[in-house]
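This document opens with one chain alone, in C-alpha cells, the form predicted on its own.
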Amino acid sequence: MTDVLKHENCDVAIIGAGPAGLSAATTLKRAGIESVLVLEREAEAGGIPRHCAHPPYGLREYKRVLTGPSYAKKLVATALNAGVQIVLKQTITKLEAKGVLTIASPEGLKKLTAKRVLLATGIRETPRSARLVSGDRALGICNTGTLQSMYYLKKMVPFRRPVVVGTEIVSFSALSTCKKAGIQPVAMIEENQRPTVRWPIHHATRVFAVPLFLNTRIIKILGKDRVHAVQVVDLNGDRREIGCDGVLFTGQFTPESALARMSHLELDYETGSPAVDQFNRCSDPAYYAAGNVLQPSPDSDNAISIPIYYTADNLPQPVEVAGQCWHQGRITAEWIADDLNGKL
C-alpha cells in the first residue's frame, strides 16, 4: 500500500477499500484485468470491519470465524497478493464523464482516468442532526461507528452510562462493544412497538442487562458541557427523563452517495443510491456501484442486492453485512471484467 498516486490512467479504479471494494479488486485481477487501483480516503484499508472487534466475519469468504480487524487484514492481504494497488489518503472530490476522477491527497489535486470506475463507498449511520433531536451540543453524543473507532483504534471511551437509541443489528454490535469497554448502558429505546431485529436476537438485551423500552422516542438531550439526561416520550404522549452520561445513536443507515449526488450520474431518489441496471452499471456506463452504497428499492428484483436481514415485521433492513458486500463486489467485478472484454 502507498499514499502516493503514481498513475494517471488505469483499467479499473475502485473508490472504497471495504469488503465490496477489495473483493471486486481481487476478482478483477484474477480475471486478468491488468491495472486495478483501489482508492481509500482513510490511512488504513479494510473498511468498517477494522474497528468491529467481534466475530463472526469471514465464514463465506474464508470458511473460518474471524474478528473484524483480522477479517479486514485478510481482505487487504488477499488483494495485495493478487496484484491490486491500494492507495491511501485519497479523497475523490469529483466524478466526471467517462471515468475521469478528481482526487485530493497529501500531494495535492490530481486527475485520474479509468476505463471503468466502481463506487464502493458504503453507508453511514444517520447522525443526531438528521434525527431532529433537540438539545445542546454536549459531550457524550456519538454513533456506533464513532464509538467502535474510538475504543478499538484509539482506546478511548466517550461515556460510561449511555442511552442506546435503536434496535437494529448494529445496535447489538454496539452493546457488545460497550461490554468490552466496560460501559454499562442504562437503557435501549425503540420508537416502534417491537425491536427492529428479528426474534430472538433482541433478547440479547437481557444478556447485556440493558432495559429495553419500546414505543419510546428520544426528543431532547439535556446537558450543556456533558450529557446528564435525555427526555423521552412514549406512545401515550407521556414524557420522562432518563439519567445518563451519553447518547449512542445506532442504525438508520443511509448510502454514502454524496459523490454520486454531486455528479452527472442519475440517482434512485427512493433509496438515495446511484441508479443502476441489472449489472450494477450506472447511467454513465463507465461507472458501476456495489456494496452498501447500492440500496435496493422495495420493488427491486435484483437478487444480489436483497439484504439478508429482516425486521420483526419481515421487512428488509437497508444494510448488508460484510460477507454480503464481499459477494456483491465479486459478482459486480465479474460483470466489469466481461464489460472490458466486450462480453457483457
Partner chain sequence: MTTQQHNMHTLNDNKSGNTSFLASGDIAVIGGGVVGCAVARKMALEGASVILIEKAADILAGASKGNSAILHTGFDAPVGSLEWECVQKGYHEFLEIRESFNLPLLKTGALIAAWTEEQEAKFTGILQKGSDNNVKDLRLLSRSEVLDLEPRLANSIRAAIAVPREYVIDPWSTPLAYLQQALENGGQALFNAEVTGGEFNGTSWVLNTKRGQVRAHHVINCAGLYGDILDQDVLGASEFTIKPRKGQFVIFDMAASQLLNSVILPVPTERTKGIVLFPTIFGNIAVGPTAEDQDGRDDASVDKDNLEALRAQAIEKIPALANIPVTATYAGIRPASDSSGYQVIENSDRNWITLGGIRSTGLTSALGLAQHVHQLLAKQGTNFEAITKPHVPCIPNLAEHLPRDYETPGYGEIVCHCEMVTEREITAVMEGPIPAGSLVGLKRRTRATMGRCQGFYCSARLAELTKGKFAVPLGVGDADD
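Small disclaimer: the values here were computed from a predicted structure and weren't measured. Numbering follows the first chain given and starts at 1.
One more form of this protein, predicted together with its partner chain, exists but is not displayed; see below.
Using a 4.5 angstroms cut-off on non-hydrogen atoms, would residue 261 count as touching its partner chain in the predicted complex? Because a heavy atom of residue 261 falls inside 4.5 Å of its partner chain in the predicted complex, the answer is yes.
So in the predicted complex, is its partner chain close enough to residue 235 to count as touching (4.5 Å, heavy atoms)? It does not: once its partner chain is placed as it appears in the predicted complex, residue 235 has no heavy atom within 4.5 Å of it.
Would residue 81 sit within 4.5 Å of its partner chain in the predicted complex, counting heavy atoms only? Residue 81 lies outside the contact set for its partner chain.
Test of understanding: in the predicted complex, would residue 143 fall inside 4.5 Å of its partner chain by heavy atoms? Close contact exists here: in the predicted complex, residue 143 approaches its partner chain to within 4.5 Å, heavy atoms only.
Joint contact, 108, 156 and 220 to its partner chain in the predicted complex, by non-hydrogen atom at 4.5 Å: Verified in the predicted complex; spot residues all in contact, yes.
Contact assignment for its partner chain in the predicted complex, among 91, 176, 215, 271, heavy atom within 4.5 Å: The residue in contact is 91.
So its partner chain isn't shown here. In the predicted complex, which residue out of 100, 204, 186, 133 has a non-hydrogen atom within 4.5 Å of it? When its partner chain is considered in the predicted complex, the option within 4.5 Å is 133.
Select, from the options 225-233, 111-119, 71-79, 205-213, the stretch whose residues sit within 4.5 angstroms of its partner chain in the predicted complex by heavy atom distance. Every other range fails; the passing one is 225-233.
Residues in 31-58 close to its partner chain in the predicted complex, defined by a heavy atom within 4.5 Å, in order: Those in contact are 41, 42, 43, 48.
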